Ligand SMILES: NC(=O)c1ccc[n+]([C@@H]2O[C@H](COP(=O)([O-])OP(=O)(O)OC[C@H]3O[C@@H](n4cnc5c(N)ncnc54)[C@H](O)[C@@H]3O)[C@@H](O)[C@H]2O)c1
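Next up: just one chain, as structure tokens, the form predicted alone.
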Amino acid sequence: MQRVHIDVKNGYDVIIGQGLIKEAGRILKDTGISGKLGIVSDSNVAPLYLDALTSSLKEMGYEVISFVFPAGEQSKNLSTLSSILEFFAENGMTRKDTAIALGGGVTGDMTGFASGVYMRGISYVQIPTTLLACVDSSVGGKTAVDLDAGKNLAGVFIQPKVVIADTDTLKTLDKKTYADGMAEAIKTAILGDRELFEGLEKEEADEYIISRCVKYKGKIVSEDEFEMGVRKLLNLGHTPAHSIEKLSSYTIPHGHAVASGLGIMARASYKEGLLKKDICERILRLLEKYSLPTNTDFSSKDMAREAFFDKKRQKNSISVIKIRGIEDCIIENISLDKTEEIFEKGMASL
């Protein structure tokens, strides 16, 4: 078992290891969490882990209630958020109680958002069950839901009390869902972890991958909790990715869209003379190693149009992350008019 501390104002630990769902009750007691516990999960995850988690919590004397919503990005909306809030209210949850997100990124986002606005804020716990949620979305306190206009346009910053990453849950993931998480791990490696990048080019254990990603993200979040500066680096590949997700009506999962975005930004960075060709090719090969896409069939024009609704837009400009090398990326603000040009460069072959 590994423990990584996230050093923010209300700091917390990310606990990584095998069999931790069965230890969740003890971990929450050790963290000082009391009161009623409201588990939020989805229709895919609940049948696998809800009973085991509930048993662990009840064994430690907790009163436990649970809410299950239909799985998928399509549920990441204000309607589902409203249902969660009504569930909290109908079951008498108070400011002394705690919500638990049991699931992937969608569950974590909505549970965190609901916790941030219910009674102006209650505590919550993240128990991620996908590699993507373990390496990225469960850490850092960013929560959001999608609006019709675009992805993650409504949300709040709220840090969890603790993150419990049980690596046994990754054994039940299909290859596509597992690959989703690898896209975010590759992103992290490009941004700031050469050793992880080289490890991913070979083979590494899940616990190692998660701990390296969490340590890097924790460092960035501790420097810039509310994404005013350096934390924007974590959006590498996400400007094109969010356009791809929206254009696909969210049928393309987040990690696969991020992988396409990484490929696009790697090629664009090479075309602009920022990135050496051999490094660009290594990035593309690494994505392909995990059966991830490196491009998209959507047009650069349509992608640029959707970027207008991206939350990273400021007036007539948007921030993109360009790659100069492994552990060497830069934030650049470009005009919305230039977005199509960047995408077109990145979508063309080397």
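Just so we're clear, the structure is a prediction, and the values are computed from it rather than from any experiment. Residue positions are given as counts along the sequence shown, with the first one as 1.
Absent from the display: the form predicted together with the named molecule. The rest refers to it.
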{"item": "is_contact(Thr98, the named molecule) in the predicted bound form, heavy atom dist at most 4.5 Å", "value": "no"}
{"item": "Heavy atom of Asp42 within 4.5 Å of the named molecule in the predicted bound form", "value": "yes"}
{"item": "Thr172, heavy atom within 4.5 angstroms of the named molecule in the predicted bound form", "value": "yes"}
{"item": "is_contact(Leu48, the named molecule) in the predicted bound form, heavy atom dist at most 4.5 Å", "value": "yes"}
{"item": "Site check Leu196, Arg212 and Gly218: each within 4.5 Å of the named molecule in the predicted bound form by heavy atom", "value": "no"}
{"item": "The named molecule: the contacting residue among Thr188, Ser260, Gln159, Thr130 in the predicted bound form [heavy atom, 4.5 Å]", "value": "Thr130"}
{"item": "Contact assignment for the named molecule in the predicted bound form, among Leu247, Leu200, Ala71, Leu274, heavy atom within 4.5 Å", "value": "Ala71"}
{"item": "Segment assignment from 201-209, 261-269, 274-282, 102-110: heavy atom within 4.5 Å of the named molecule in the predicted bound form", "value": "102-110"}
{"item": "Residues in 180-209 with any heavy atom within 4.5 Å of the named molecule in the predicted bound form", "value": "Glu184"}
